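Below, in structure tokens: the form predicted alone, a single chain.
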Amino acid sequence: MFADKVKQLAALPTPCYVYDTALLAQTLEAIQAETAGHPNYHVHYAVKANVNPIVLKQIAAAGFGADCVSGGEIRECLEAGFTPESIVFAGVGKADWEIKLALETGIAMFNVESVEELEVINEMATALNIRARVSFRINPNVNAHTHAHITTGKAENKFGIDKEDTIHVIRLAQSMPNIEFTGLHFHIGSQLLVMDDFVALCQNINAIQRELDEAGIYAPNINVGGGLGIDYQYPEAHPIPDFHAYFTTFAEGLKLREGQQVHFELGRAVVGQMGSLITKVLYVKHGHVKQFAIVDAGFTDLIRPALYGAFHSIDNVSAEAEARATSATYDVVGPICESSDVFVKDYEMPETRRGDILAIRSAGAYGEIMASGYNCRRLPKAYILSEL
């Protein structure tokens, strides 16, 4: 990825992000190829993964929709070129101004997460004399194989409406003159690599649909959320996720009714592998027990390892490192005054020295977007690999 850009990377002000938009284009093309045979499939990019304007514009230009979880994301998407009718709006705590913005913008639908939210949307839609299109996020109580902090489809999670209440909330919506019921929404978690999780989701959706049939209710749209993971361990070997297995699972597992449209909300799988956090080694500290490669990036720039214990592969991309015959084991740590500011422990790399440039891989999703100014640090800038 960086073989011909070593000098340019060394000249960048670190820490910073570098995005491979050529890989992003290939990823978008792979998704389009897998969904081409399914005209009723609609992919909405989960904007929370990365809102870099260049990235957003590229995804919008490719014809994808957007999955937003805030009013700010809706504004960014409109600015980037997404059409209002391609935007779906989720989130357990939508503020009044965000609901008003979505109503006036004319988005495709709200993914509603509670009766209380439905009542507020109806009240505001009535005041604006607008008919709000709503889809209900149903909690299927599926225990996905992922980190506890990013599972979202269990009964104990804050997201969604209990599946036992599905028919009740639909009937309530149908009784409201300024609400149009448009379908059901599901999302069971992120960084899912086991297709069995999605098989279980399909089985839950099919069971709910049978109950709707018995009640005489038709859902025009079925939104299965996102959650497909990426290979953090070997990003070079698997730069593009297994979209074939993912979409095939739903094509074979979902028992759709005539005319139903299926919506997907992929985020990490779209942008995760195209981004790297570039950082410079400040010091190599030789302790009695460990060696520390102290870099100028910290959890203010990439919080996933500190927040989730997430793993990111790290490459020493300095030209000089390739010529070094020896390797060593390091804890790669940042400068933040917190013990959790660690990217990886006991990690073997080529012998690393002060001034070396490291690339922390698979950082295109939940990297730049989650950066903070803690310790009065500046937010990292982003660069496009092909423009270096």
Ligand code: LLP
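All residue numbers refer to positions in the sequence shown, first residue = 1. Computed from a predicted model, the values in this text were never measured in an experiment.
The same protein also has a form predicted together with the ligand, omitted here; what follows describes it.
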Worksheet entry | Answer option from 178, 191, 204, 86, heavy atom within 4.5 Å of the ligand in the predicted complex | 191
Item to complete: Name the single residue among 133, 94, 263, 268 that comes within 4.5 Å of the ligand in the predicted complex, judging by heavy atoms.
Response: 268
Discussion item. If contact means a heavy atom within 4.5 Å, which one of 24-32, 333-341, 44-52, 355-363 is the stretch that engages the ligand in the predicted complex?
Written reply: 44-52
Practice prompt. Consider residue 370 of the chain shown here, and say whether it contacts the ligand in the predicted complex, taking contact as heavy atoms within 4.5 Å.
Written response: yes
Discussion item. In the predicted complex, is there a heavy atom of the ligand that lies within 4.5 Å of any heavy atom of residue 292, even though the partner is absent here?
Written reply: no
Fill in: 4.5 angstroms heavy atom contact with the ligand in the predicted complex for residue 311
no
Practice prompt. Examine residue 77 and determine whether its closest non-hydrogen atom to the ligand in the predicted complex is within 4.5 angstroms.
Written response: no
Worksheet, complete the sentence: Residues in 52-67 that come within 4.5 Å of the ligand in the predicted complex by at least one heavy atom, in order, are 67
